[in-house]
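Next up: a single chain in structure tokens, the form predicted on its own.
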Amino acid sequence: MKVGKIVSLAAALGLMTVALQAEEIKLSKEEMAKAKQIYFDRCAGCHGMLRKGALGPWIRPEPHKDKKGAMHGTKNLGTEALKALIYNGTPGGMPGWGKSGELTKEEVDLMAKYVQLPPPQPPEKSMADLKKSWKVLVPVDQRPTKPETDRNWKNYFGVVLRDVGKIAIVDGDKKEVVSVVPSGFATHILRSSKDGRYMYVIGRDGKASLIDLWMKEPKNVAEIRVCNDARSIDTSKYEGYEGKYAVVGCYWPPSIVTLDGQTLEPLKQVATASYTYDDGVFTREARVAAIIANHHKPEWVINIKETGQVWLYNYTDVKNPTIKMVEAERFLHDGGWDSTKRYFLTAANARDTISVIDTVEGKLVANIPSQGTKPHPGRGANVDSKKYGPVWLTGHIGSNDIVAIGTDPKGHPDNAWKVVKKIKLPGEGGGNLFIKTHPNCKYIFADRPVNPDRKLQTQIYVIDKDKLEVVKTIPIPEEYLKSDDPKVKARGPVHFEFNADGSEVWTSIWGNKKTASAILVFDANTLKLKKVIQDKRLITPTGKFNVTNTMGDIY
């Protein structure tokens, strides 16, 4: 076996102990600029802007020992081993950027060298910077006073066109693209106002946009760039504050930015740099991951990833907010409500833990071992199980486990806040990013787009709600995985969303930006393919957000 393969395997297992002869790395100004952009686009989310790791490991040049005793340091690995990792990915969930065609061999070589150099200091942003980027494209008094369309806009889907920085608005009744709206790069999520009229968009590049769905052709009515890297956005949903404010959570600069809900005018910045809850170590890169709007109080529930705290952020006095810091676990990522919308269940994925926050009493209920590697729920899936009572489910990036956690401490106390059922996906390894269900559907759907096995990567996994077992796999026909470049194939189905009444489930084919790819619409109960939505504008469709389900937090 070649040295590169040996080291690649060691790295994949987190055993970075093989030391290679250090080489002198030099990059030109142009190469550095390109590498910084690629790193931001593909790597920063998991490894951090400062490369100290979270979901992904430490990838700075100097050695570092993690809590499991594994050593991490890019200089110890060397260029050839790093190239193998970046090109092929790992069983733990890192995509094979070269294998998928998203990076060329030259770009893989560039990144293998770049991560052996010290990370450059990313720029900060002031309130003055924010205001310079703020634009009201359509003033409030010039917007429609009622819907201008005869379409069923509450069954619209906002579809992320990830790599081209756009959002497609798709009519869920007619299965056709209504409009394509510019957004930030690699939009992470969309959120709806409580009445569903506005769709709030946040790009990985920190650009927030506001789309008015009442217009005959939906378009942006306001936009602002609040930070250099972001993942989360939501609105105020508590009674009396519906749509008054919006909030963005930033990865860099690590901060919370409150905006006017109708115009996106910046109102308040709050830095999140703080001390880790367990070790008391100051952390500049304390990034904001998930944000969810509390239905019981005028609060946002905000994950501070690196410090392991969940902040309960009261927005009644927007200039002088109050924040309750709840100690949970590191490193907090994504999560969602239980069926009552009282308990927030969120993944501390690097610690293989699900933290549960009671948003009525404002406290940690439990830290639950997820019994899998790197839980990644998205918002999760809620099921009222005949055997276990209400449960919430999450999958894992690093293992083939879907787990169900009891969420009913009063009605089913023996099952509350523990894993009551583990569901094994077929085959080896993880790769699951999202699971989804709907109250009117008898199934849960799971994807696996970052599993390195081609067969496992291109299937849909169907879980029966009553049995809590995989009862069917749906392979994606090869015709929908093709690309204009014969050397590159689409990664497979990613993310699920239901239409408003739960009779259909939609998934998209995660392709590359050279070729349009399809959205597949299945009957949610017969599992028959009903419709294939194909449009030349659908480039890298990934996340899909139905207006009715998003405004009601239905999952």
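This one's a predicted model, so the numbers in the text were calculated from it and none came from an experiment. Numbers for residues come from their place in the sequence shown, where the first is 1.
Form predicted together with a small molecule: not shown, discussed below.
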Sort through Lys374, Arg162, Arg197, Lys125 and report the residue having a heavy atom within 4.5 Å of the small molecule in the predicted complex. Arg162
Position in contact with the small molecule when the complex is considered in the predicted complex, options Leu520, Ala524, Ile38, Cys46, heavy atoms within 4.5 Å: Cys46
In the predicted complex, does Tyr251 come within 4.5 Å of the small molecule, counting heavy atoms only? yes
Could you confirm whether Arg60 comes within 4.5 Å of the small molecule in the predicted complex, counting heavy atoms only? no
With the partner left out of view, is Arg231 within 4.5 angstroms of the small molecule in the predicted complex by any non-hydrogen atom? yes
If you check in the predicted complex, is His396 within 4.5 Å of the small molecule, heavy atoms only? no
Based on heavy atom distances of 4.5 Å or less, which listed stretch (421-429, 473-481, 273-281, 290-298) is in contact with the small molecule in the predicted complex? 290-298
